[in-house]
Structure formats: C-alpha cells, structure tokens
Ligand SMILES: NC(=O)c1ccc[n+]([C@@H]2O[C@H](COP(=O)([O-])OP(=O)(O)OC[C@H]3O[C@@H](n4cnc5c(N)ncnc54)[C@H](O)[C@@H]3O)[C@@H](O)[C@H]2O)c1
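The form predicted alone is given below as one chain in structure tokens.
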C-alpha cells in the first residue's frame, strides 16, 4: 500500500508514521491539520523549523504523556455521550493521539466511539455539529459526486477503504438522515484502531437521499436534505454515480456499505458484489460473526453443522444474512442447498415465514416454508415454531426485548441437551433474553452469546463468560486482508476464512468458556483474520498482490499511531 500524497498525509510517510520535511507547511497549518498536528510533542528543532516558537508552551511532552493526559480528561467527562463528544474533538485536533488513546483502551472505548453510544451522537448530530469529516453527497446534486471526491486531492493509489451509508436503518434507532455520517466515521475509527487501516487512506461517505424522520425535517437546525427519502430510479442512479466515481478514482479501494434499509442493502450488494470489491457488514459481517459463534458451539456440543436445526427470530437484513451464512456452512458440511435451507426456520413479526405470507421480500422467499407443512389451526408464533422445529440453535435479531421467554427456552431445552441461544439484538433494552436467565432456565447447559457486552455469570460454582458477537472481531481483519491482497472482490470463501479465524481464537477448553474471543487483543486478532482472508483470496485467484510472506505483509500494512 503506497502512502497517500495529499496535504495531511505528506506528514505521514512510510507506514503512516509521522514525518516532517523542510518543504512542508508552516507551523500553524500543521497545528490545524489533525493528521499532522503533534501539539506539545513538536520538538524544539521542529518548532524552530516551522515557525512554532512562542506558539506552544515550552515543555515538550511525549505521545505517551499526551495519551495519559487525554485519558484523565476523558475520565472527567460526565457520561458516555460527553465522552463521545470529547473523543470527536480530539479526533478533529490530533489523529495520532486519538488513535493512540483508542488503541491503548480499545475495550473501554469501543462502546463509546461506536455502538451503543454513537446512537445518541447520531440523534444529536445537527445540534452538536462542529466540524465536517468525510464526504457528503446529496441526491439533489448528483453532478457533484465526482468533484466532491476529486476535491480530496487523493490519487488512484491513495485510498484503501470507503465506508458509505444512506442512514435509513441506523443500528436499532432507525432513520436519522445526515447524522448517519457518524456511522461511517465510527466504522472507520474501528478499522484503524483494530486493524491499522491508515486514517489518511480511508474515506467516510454520507449518501444524503433525504429522511423519513419528521422530527428532523421540522428541526430548524437540521443540516441534511430537508425532504422525504428519494427512492426508485433516482435513488439507483445516484448510487450508480457514486459507485462509478469511487471505482474510477480509487480503483483499489474496498467499498463498505453500512446501515442501508432492507429494501436497498441486499439489492445493492447483489448488483455490485460480483463487479467490485464490496462488503455489507449488516448482512455479511453479522452473518459471519454468528457463523463463528455457531461453529464453536458445534465443537462444544459435538453436533456437526449439517445436523443443526436453526430458528432465526427477526427475518430482516441481519437475520436473513445470518441464515445465509449458516445455510452455506451446512452445504459445505455435506448437505445440498435445498436441504440446508429447509433446516432453517425464519420467524418475523407476522410469524413463521410461509409461502402465503404477505409482503415477503425477495431475500426472505427462499426461507418461506410450504403452507401445507404447518397445520392451519396451529399458531405460527415463536413459541409454536420452537416447539415444533426443536431447534439446536436459536438466533435473535428481532429487537423485541424479552422475546426469548422462559417457556421458549425451556421448550428448546426439552429437545436439546446443550441448546445454543444467541440473543443478538442491541442495545440492552432490545435484547431477546439476558444470559443469566437463559443459563438459570437450562441449569447451565445453554451455550449463550449476545450482541451486547455482558459480565460473566456465576451459577452453581461455574463462571460462564458470555461472548459478544461483535462485528468488530471480524470486519476490520476482513477489510485489511482484502486490502493487502488487493482482492478483486469479497468472496464467500473469504467470509468463511474470516469466520474460521475468529472461531479459532476462542479458547473452549474450560467449562463456561466464551464462544467468541474477547476484544482486548483486537489488533492482534485482526491480524490473524487478515492473514487468513488474504490467503483465501490468493487460493481463490482473486488476489492481485503478490503474497510472498502474508504474515509479514499484514504486519507491514498496519498503521501505528506514532509520531515521526
């Protein structure tokens, strides 16, 4: 990966480590540029060279001391939203220091810079608006798409990653219009902190097509397009213009789609997935991290993937994405596609998906059960489906708090010795069941993972560590591996390799062990995932980089938050 060649990135040659040159900008320009600013870490020689004498206090502090002070300042903030605001201000001022702080305290700060706190930051975006970051594209001015990217001053070899959202279905909070830029920014922050993607080589994008949120449309301070969401041909043409511009201007970049609505997300991925290197985390990332969880559960129970029976409660973008990944794993384990599909029961708010169910989306139809399979006089709700299907795995992406009731879990446990229960909805007020309850209802036999961080559960002398199905365990390494390999596209095999790598990082040897690794060593685990993904890309002949020493190439590609 060649280093970028524009304004701020000129201060970060080599592997992204800070560097100054005698032909560089003046000192005040350096202080104003977050990628170049070192604050009081500028040495006396640098202060003299760049006209910073008298501009800064006389002491020279190391990056380590700056990070210690920033951590103290962060701890003085009143709540998580205030901490998010503080970190964004630091991000705007000094990127190296921001990422050093993030890397040093990633487990504590991941929920602050991303889910769940970022949801509150999104809601307050227009009222807390301070400084633009990334590229804002308006459907009202499609002619500006290409000039907006050209204004970045980045060449065809200068961008590795573009994260884009249209903000229709943000996390669990819905449509928040232009505030969705916080999702793209936050996702890239995790890519950099967890996998070392160079922050100067990553571009967050907001595709502003309007919003259906009436509160935003009536808010005089709202900074996005003040009209309802545009759909249909105009929307598709706008997305096509965006994809074309990114592909032509940054031909080596991975395009990551985030938080699109179910009507668009899957359709866009299907349209472009075989043409460009692109990835949808809501479908593919969520599916792959859940696959890693189920693979480890299968190792614990001794039940192979081909023998699993799976109920997915919440048949939206994420739920069906999970179903797809699990179905494909069953196919790899010996089942044909139709048989594997029949071993998955998808339940949505209207009940079990059946062929006669009204309003089925195209991606739901493969999982719709034949009408004659279900007795017409029998309810098709979740309890009835669990009782009839006798699943080995129960997945929740419904955002319906408490949906996995004691009766549902006990019904599952009557038929399965070690039921796998995965209430993945977040935040806490939307989770289908709390692990402590699931373990108590099953006498500690259930294997549980969640979508939120949960402390260990003590039950009958055993400590149960609850794994978090956090996509951050997977997508940063997946992206880094694709970048290192210069992969033509993200294949199913690369997703499988990422899931297998994540699963392999968990230690299952102790009773009560978590099904997934913890995030404390996320940077190291991302390197493992990236290596597996790059190797699979080479095996599948979609890698365009020469991979002589994949492990070292991955390490060399990981940007370090250090001053030059």
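Residue numbers count along the first chain shown, from 1. Since the model is a prediction, treat every value here as computed from it, not as a measurement.
Below, we turn to the form predicted in complex with the named molecule, even though it does not appear here.
Heavy atoms within 4.5 Å of the named molecule in the model of the complex map, among the stretches 236-244, 282-290, 405-413, 80-88, onto 282-290 alone. Although the partner is absent here, residue 224 lies well away from the named molecule in the model of the complex, with no heavy atom inside 4.5 Å. Of the heavy atoms in residue 348, some are within 4.5 Å of the named molecule in the model of the complex. Contact annotation for residue 340: none of its heavy atoms lies within 4.5 Å of the named molecule in the model of the complex. Among residues of the shown chain, residue 191 is not one whose heavy atoms approach the named molecule to within 4.5 Å in the model of the complex.
A heavy atom within 4.5 Å of the named molecule in the model of the complex is found for exactly one of 264, 301, 471, 491: 471. A single residue from the set 315, 163, 421, 297 has any heavy atom within 4.5 angstroms of the named molecule in the model of the complex; that residue is 315. Applying a 4.5 Å heavy atom cutoff to the named molecule in the model of the complex picks out 399, 400 from 399-414, in order along the sequence.
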